[in-house]
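Starting off, we have a lone chain in the form predicted alone, written out as structure tokens.
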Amino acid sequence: MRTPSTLAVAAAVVALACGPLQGALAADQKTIAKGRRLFNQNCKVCHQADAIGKPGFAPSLANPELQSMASDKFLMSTIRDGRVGTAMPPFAHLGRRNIKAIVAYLRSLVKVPNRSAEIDAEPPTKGDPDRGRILFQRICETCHGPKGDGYEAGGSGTAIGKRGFLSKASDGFIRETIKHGRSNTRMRPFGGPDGLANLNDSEIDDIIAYMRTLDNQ
């Protein structure tokens, strides 16, 4: 009885090990291609090519800070539900599988570690909303509007006072965004000595506490 050669055995092992992996990679690429097509059909008109956004019109979805901080749940629920009171309509009609493909495409644009679980697990704010209101008016209102209405208030910032955002964004998500900003956008970092306002952690939590009182439709 002929025994298989060492080379043949090695080739079989490699085929078994790599076959499923290659299949998974091919499936991922297929999902990303599908997501790109769906993005171009439904999202590109506002968020622009490659999701770079347009100041005062639609936010960038392809900057590393957002990609690092936002969970798949945050992105998918935003696409599904839209943002009431803004130009972002709901896309629930696309279905979960297609929305998931769009998120896969967005993830493919920026290769960064996803820190969303760590960020969403940060403790909730214990800030003072009265102090936060003063800071918000001094620092945030110029871009985001006096009640966080965003573009509708004539600013270059997004609608951070709307329920559609506040119901989905954790305090950690808002906290890290204020601290570190969003590169390649008009949202600059405001935390620490290198930030535009040198806000400390307590002041950032005060702003978050005030934002939680807005919760506009």
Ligand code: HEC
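What you see is a predicted model, and the numbers here were worked out from it, not measured in a lab. Residues carry their position along the shown sequence, with the first being 1.
Same protein, other form: the form predicted in complex with this ligand, not shown, and the subject of what follows.
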Discussion item. Within 4.5 Å, heavy atoms only: does A87 come near this ligand in the model of the complex?
Written reply: yes
Discussion item. Just checking whether T78 would be counted as a contact of this ligand in the model of the complex - the rule being heavy atoms within 4.5 angstroms.
Written reply: yes
Worksheet item: Quick one: does N42 come within 4.5 Å of this ligand in the model of the complex, counting heavy atoms only?
Response: yes
Discussion item. Whether G157 contacts this ligand in the model of the complex should be assessed with a 4.5 Å heavy atom distance threshold; does it?
Written reply: yes
Practice prompt. Would you kindly say which of H180, R36, R163, R186 lies with a heavy atom within 4.5 Å of this ligand in the model of the complex?
Written response: R186
Response to the item:
Contact check, 51 to 81 vs this ligand in the model of the complex, heavy atom within 4.5 Å, ordered by sequence, gives F57, A58, P59, S60, L61, L66, F74, L75, T78, I79
